[in-house]
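Form predicted alone, single chain, as structure tokens, below.
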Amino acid sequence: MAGVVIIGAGLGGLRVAETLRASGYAGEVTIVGDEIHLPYNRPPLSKEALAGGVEVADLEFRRKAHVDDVTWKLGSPAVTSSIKEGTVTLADGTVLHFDALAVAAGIRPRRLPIPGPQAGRVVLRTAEDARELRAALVPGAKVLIMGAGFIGCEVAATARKVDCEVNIVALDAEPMIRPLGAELGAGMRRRHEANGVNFHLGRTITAFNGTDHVESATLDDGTVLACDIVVEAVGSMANVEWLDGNGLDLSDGLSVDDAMIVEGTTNVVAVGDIARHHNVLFSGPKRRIEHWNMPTETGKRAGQTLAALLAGEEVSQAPFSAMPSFWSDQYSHKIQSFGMPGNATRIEIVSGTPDEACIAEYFDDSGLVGVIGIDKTSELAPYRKLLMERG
């Protein structure tokens, strides 16, 4: 028996391994990670860990004792695979054989092909990225952030706390507009502006200027913004290239069924940010949901699936019904959400206003699909129950 190979040493991969063991699987389990670190918590990298210094040991997830016998292959990513032959090849030349494969390879930040020097352009995904960025966040440093999503806005808040000058450039009309909507997005923009952040919305960067290192950026309206460091936070890409050649649809992560089995396979599951799945609580097409809780929810389901498959038992196809949730800390403000507010066609602010503590409800034709609270997180618990009842 070759056992189970898990590609991805993050939270999703860890949850697959834990659930495999908890479900009675006693065979070989190997977890492959492109970083040298054991699974650790990433959200603090744009907030408290970025402000106070990055110590990966402090961010590591607690690992359950029953995965102490798991084999870790860290620091060498998967580069090719053959599902038919049951093999994965790593960058260091190692060939791993598997009876079943779990894809937990996650996502990476998107990089835009903007001309100009590359030095001084950073992304924020790994602990090493955070260390590089933290070293540049000194008082008076000119920080330019591409993208006004959660990562960009969290970095902006952290940079202002250490007295950096911050400019945000984004095509969007308001920050975080896709999940929050225009009204709440505008309210968060005003909070950022009150803390000294400058927004350039509806704009793109056409070129970076400098010799060996970025010194400024030219916008599409001709504006030139001086910068010492550029943070690129303009979306993500699924890490699926190593699966090329297996006849899978790799256009947007991996399509899976309710058991997390990858479409077109019998012994491959996908979890976390990379898995495109249905959710019985919400209508519409399959989606990749890049929320912190989804690696745990999908990882548990996938671990149960693999344990059943390898034991020759029937795999449960019970409808997947995990509740998407996210949170964000920016300055002293706390944003929390349940459901799929990005699906809404109508938004109603039911408590407060966008410029103060508030709650917004999000609706589509089927009814309530999400809720977001700003500085009212303690009042959101009843909404989670309401949204779960959609199932």
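This one's a predicted model, so the numbers in the text were calculated from it and none came from an experiment. Heads up: residue numbers just count along the shown sequence, starting at 1.
Form predicted together with a small molecule: not shown, discussed below.
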Is the small molecule in the model of the complex close enough to Gly181, Pro341 and Thr377 that every residue in that trio has a heavy atom within 4.5 angstroms of it?
no
If contact means a heavy atom within 4.5 Å, which one of 221 to 229, 121 to 129, 93 to 101, 302 to 310 is the stretch that engages the small molecule in the model of the complex?
121 to 129
Trp72 versus the small molecule, in the model of the complex: is there a non-hydrogen atom within 4.5 Å?
no
Does the 4.5 Å heavy atom contact test between Val262 and the small molecule in the model of the complex come out positive?
no
With heavy atoms only and a cut-off of 4.5 Å, decide whether His66 touches the small molecule in the model of the complex.
no
Quick check on Phe320: any heavy atom within 4.5 Å of the small molecule in the model of the complex?
no
Contact assignment for the small molecule in the model of the complex, among Phe199, Phe282, Trp242, Phe208, heavy atom within 4.5 Å
Trp242
